[in-house]
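In the block that follows, a single chain appears as structure tokens, in the form predicted alone.
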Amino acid sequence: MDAEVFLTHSSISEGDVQDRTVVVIDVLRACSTIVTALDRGARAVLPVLDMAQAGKLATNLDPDVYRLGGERGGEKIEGYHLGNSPREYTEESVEGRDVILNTTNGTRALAQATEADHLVAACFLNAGQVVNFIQRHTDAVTIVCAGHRNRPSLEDTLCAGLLLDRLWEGEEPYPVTDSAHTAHTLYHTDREDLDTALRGANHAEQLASQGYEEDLDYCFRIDAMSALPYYTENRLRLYENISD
């Protein structure tokens, strides 16, 4: 398995994703929110870069068929229906609707990978589904960690390491890139007490201080959902529904 890892999205170029299967990871919390929204019946999630783009999309939609979701600094954007806590994305709030999602890191990472052959959103919640998809579709994958404030984030790097460990069946091949080796080695170092390592991550500590500790409980569950968000026609939909 040819695997490349980017520890933040900030250095991604078009050439890094073209002709590749790309997996974008944002554990806290955009990709966890996207997986949850689609699992709860949202028709699609439209990732956007900023409030201006979100507003432009919203003006072209019937107010009854969309929800604006997103955060800045971890907190819900004023005037939006929803924030970036996956626990807000209940069936009652999103079923049958499009979600326009605007976040600090995750949606920007997705926007930089749209030229990929295949693009999926990943987190701990759907790790198994992501690994199955990669194994079925490609021998070459690029994993893009969203990171936090243009720096690597421990939770995204550990999730990348988990994916690689499963793809490599626990044995790191030779040769591998430095970043792939870093993610895999870090996962092997922390896997026996993964929850403690994750809760000590800078971003996790920030969210806990803002009162989102239950989001950590939610987002750190491994293989809790089967939803696989797949990017097509400027939106993420359940992969199983793409042919609809």
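Values in this document were obtained by computation on a predicted structure and should not be read as measured data. All residue numbers are counted from 1 along the displayed sequence.
Below, we refer to the form predicted together with D-malate, which is not included among the displayed structures.
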| Are all three of R43, G96 and N241 close to D-malate in the predicted complex, meaning a heavy atom of each within 4.5 Å? | no
| From the list S153, T142, N105, Q112, which entry has a heavy atom within 4.5 Å of D-malate in the predicted complex? | N105
| said: Is A183 part of the interface with D-malate in the predicted complex - any heavy atom within 4.5 Å? | reply: no
| request: State yes or no: in the predicted complex, is some non-hydrogen atom of H203 no more than 4.5 angstroms from a non-hydrogen atom of D-malate? | output: yes
| query | Is there a non-hydrogen atom of G128 within 4.5 angstroms of a non-hydrogen atom of D-malate in the predicted complex? | reply | no
| Heavy atoms within 4.5 Å of D-malate in the predicted complex: does A30 have any? | yes
| Just one stretch in 128 to 136, 69 to 77, 87 to 95, 166 to 174 has heavy atoms within 4.5 Å of D-malate in the predicted complex, so which one is it? | 69 to 77
